[in-house]
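Listed next as structure tokens is one chain, alone, in the form predicted on its own.
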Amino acid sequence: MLLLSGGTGTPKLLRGLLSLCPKKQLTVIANTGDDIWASGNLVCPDIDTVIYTIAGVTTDRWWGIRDDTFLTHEALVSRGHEERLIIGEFDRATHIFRSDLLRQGVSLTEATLLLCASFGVSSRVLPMTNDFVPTIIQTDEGEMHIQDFLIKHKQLPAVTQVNCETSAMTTEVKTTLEENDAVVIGPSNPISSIGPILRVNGMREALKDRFVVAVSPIVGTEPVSGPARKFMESVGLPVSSIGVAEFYSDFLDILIVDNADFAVSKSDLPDEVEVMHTNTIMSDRRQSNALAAKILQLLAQHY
């Protein structure tokens, strides 16, 4: 099974999928639009969250490593060094490991697979591209990297545009798409977490030939988390599951929406898109498992 992942919404679903299907049968293509060079190392937040989730070491915040310490971060800050992110020791080791490989000429894909092996992760985790294509947010306070928007500016500036350059599809991603007839898109921000993946050359076209199930990250007109409202409004989409369906309309087969979103029906969605209602809020492992089971059932019916 192939999962497109970004942000913190999809790893909650990944937790459920891991409990119901063999890890070796799962491939994740992770967003790299959030990637940023910080304190001399490349940080890949979405890739690392996926690896840490599969390895069982992620935190309840869905970033970083559980029980990590922050002595290096605190020492750097005390010396007047501006760290763009709050990074723990074990998490920093991941970034150093990856960055040293990149400096030696290893691709981001190869470095990611080596990281997976170092964490004992048997699932296949792939960056969406080997290109460095950071998501840049245009705001009323100027242009900024998405991480600076989220952390330094606390999502407060008004957003006028979300930009991520088109990137090249890797051989590994192309092969993975060819080998998987079904694709699941988790409840991630469609613009900033899944949007960069869709900007990979050939991605949208490839998805048109797949059975695609997506989980809406919005209930009613409220995003479950994050700046989805500002980002969707910036591209002229309604802040609703209907807006999510519109963004995915050229390849989406089934949109899963929350039971509380009872107003959303088949007639509200693009012609080729079906709708399924269930509980999409995953505040604990039981709820993650239940949603994962529903998705696996849909995939089984397709096959």
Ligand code: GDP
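Residue numbers run from 1 along the displayed sequence. Since we're looking at a predicted model, the values are computed, not measured.
Although it is not shown, the form predicted in complex with the named molecule is what the next lines describe.
- Remark: of stretches 123-131, 93-101, 212-220, 107-115, the one touching the named molecule in the predicted complex is 212-220 (heavy atom within 4.5 Å).
- Mapping the unseen interface onto this chain, P196 falls outside it, with no heavy atom inside 4.5 Å of the named molecule in the predicted complex.
- Contact check for P227: a heavy atom falls within 4.5 Å of the named molecule in the predicted complex.
- By the criterion of a heavy atom within 4.5 Å, G9 is counted among the residues contacting the named molecule in the predicted complex.
- Not displayed here, the named molecule is approached by L150 to within 4.5 Å at the level of heavy atoms in the predicted complex.
- If you take 176-199 and check each residue for a heavy atom within 4.5 Å of the named molecule in the predicted complex, you get P187, S188, N189, S193, in sequence order.
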